[in-house]
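The form predicted alone is given below as one chain in structure tokens.
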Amino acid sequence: MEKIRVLSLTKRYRNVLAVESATLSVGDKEFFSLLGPSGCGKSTLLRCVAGLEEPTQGEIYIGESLVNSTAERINVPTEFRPIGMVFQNYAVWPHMTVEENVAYPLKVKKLPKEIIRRKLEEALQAVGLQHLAQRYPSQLSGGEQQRVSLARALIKEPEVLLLDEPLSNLDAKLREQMRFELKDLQRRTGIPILYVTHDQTEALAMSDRLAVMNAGRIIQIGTPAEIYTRPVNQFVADFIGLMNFVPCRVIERSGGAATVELLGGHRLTVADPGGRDGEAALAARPEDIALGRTGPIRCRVAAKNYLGNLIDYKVVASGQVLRVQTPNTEVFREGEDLGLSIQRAILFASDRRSRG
């Protein structure tokens, strides 16, 4: 069952088109991320779902309820939408204890005290804050404050959770820890999450599916593996992870494959369902390039970085700088002449600057 449906949503601010004809759905118990660079429209789209912005066009359903329709002049206020929302800046009240912050939405509704107490205990237990119930925000770490925001969103028993870059203010180690906690929380509660982030690693690690956005448009929707291994264009390929782009020329085609010439005349056959001809761009991930003493393409090591579990090299082949990543057991010297082979690649149109 779809818990969120966004249909042909457009949001315009005077002459600025923030979101253009966006369509997506979030399923029951699904962790769905909106990923893209700053200013691409992902937070605007989330705020439209939350009711904090009114779309210029389109429809939004939460569960079976139509909460926004420009055609039918429907725009349900935020407070009446079955959502819980967590912001980037936590938004906890400094003069309230943890339990006062979390219980606040229910106290505003003037629910009976025994119901508030029961729901408060459940919400605090869900995020592991029972032992900190009497502390104030100034006595908490950033991660603990973020969990207060999550508990406050959960206590309303929403149909969906909307999270707007909730981990961006945390340090790297705590951010990684919170990724696991958020995903575990979502699995335990079963509440679908619509999550906004500009962090590729975060989106790939946490999402069941994600939408990559650029310049207000949704460019591709898929699982993390689909987005990473089968990007639909150069923007997605370049934005998700590291990617080498090598100019090449298609010299022969056979079925869904193309033979291309690149890097000093080396020829390589790659899958090309797009049926390109002439000038093209070959895209290869650093881990999909093998580096060694022998190899069909000669190169020189320009720089190397030790990253613990792997070594990240910059190599130069026929004037082209490439990134190559190898296990930390394969160590080569800077300045060393080596050979490389491209083991997996994707073919794109030659214009790397494509908007998407």
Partner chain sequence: MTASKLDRRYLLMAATGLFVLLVVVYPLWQVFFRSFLDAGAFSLKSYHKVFSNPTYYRAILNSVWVSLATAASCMVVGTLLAFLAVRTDLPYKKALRSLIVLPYALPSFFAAIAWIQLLGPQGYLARFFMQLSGREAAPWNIYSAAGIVFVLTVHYFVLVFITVAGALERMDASLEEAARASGAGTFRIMREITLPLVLPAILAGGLLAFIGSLANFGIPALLGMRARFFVLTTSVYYALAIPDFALATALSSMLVAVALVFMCLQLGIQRGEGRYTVISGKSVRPSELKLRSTRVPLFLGATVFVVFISIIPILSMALTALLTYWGAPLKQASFTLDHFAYILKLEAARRAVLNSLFLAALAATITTVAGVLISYMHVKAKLKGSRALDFLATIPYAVPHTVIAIAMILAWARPPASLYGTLWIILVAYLAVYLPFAVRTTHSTLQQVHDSLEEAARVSGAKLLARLRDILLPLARPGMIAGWILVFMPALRELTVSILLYAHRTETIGVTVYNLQDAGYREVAAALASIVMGLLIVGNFVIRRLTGGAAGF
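Numbering follows the first chain given and starts at 1. Keep in mind that this is a model prediction, so the values were computed, not measured. Rigid core (definition): largest C-alpha set, two forms, superposition within 1.5 Å.
Only in words, not in the display: the form predicted together with the partner chain, which the text now covers.
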query	finding
Heavy atom distance at most 4.5 Å to the partner chain in the model of the complex, all of H95, K107 and Q145	yes
Single option in T189, Q139, T269, Q177 placed near the partner chain in the model of the complex, where near means a heavy atom within 4.5 Å	Q139
One residue of T229, N169, Q130, T259 in contact with the partner chain, assessed in the model of the complex (non-hydrogen atom, 4.5 angstroms)	N169
Residue contact check: F239 to the partner chain in the model of the complex, 4.5 Å heavy atom	no
4.5 Å heavy atom contact, L52 to the partner chain in the model of the complex	yes
Proximity of V76 to the partner chain in the model of the complex, heavy atoms at 4.5 Å	yes
Exercise: K304 in contact with the partner chain in the model of the complex, heavy atom 4.5 Å	no
Heavy atom contact within 4.5 Å of the partner chain in the model of the complex, the stretch among 321-329, 43-51, 24-32, 287-295	43-51
Large Cα shift (2 Å or above) at G143 between the shown form and the other one, core-fitted	yes
C-alpha of Y228 off by 2 Å or more between the shown form and the other one on rigid core	no
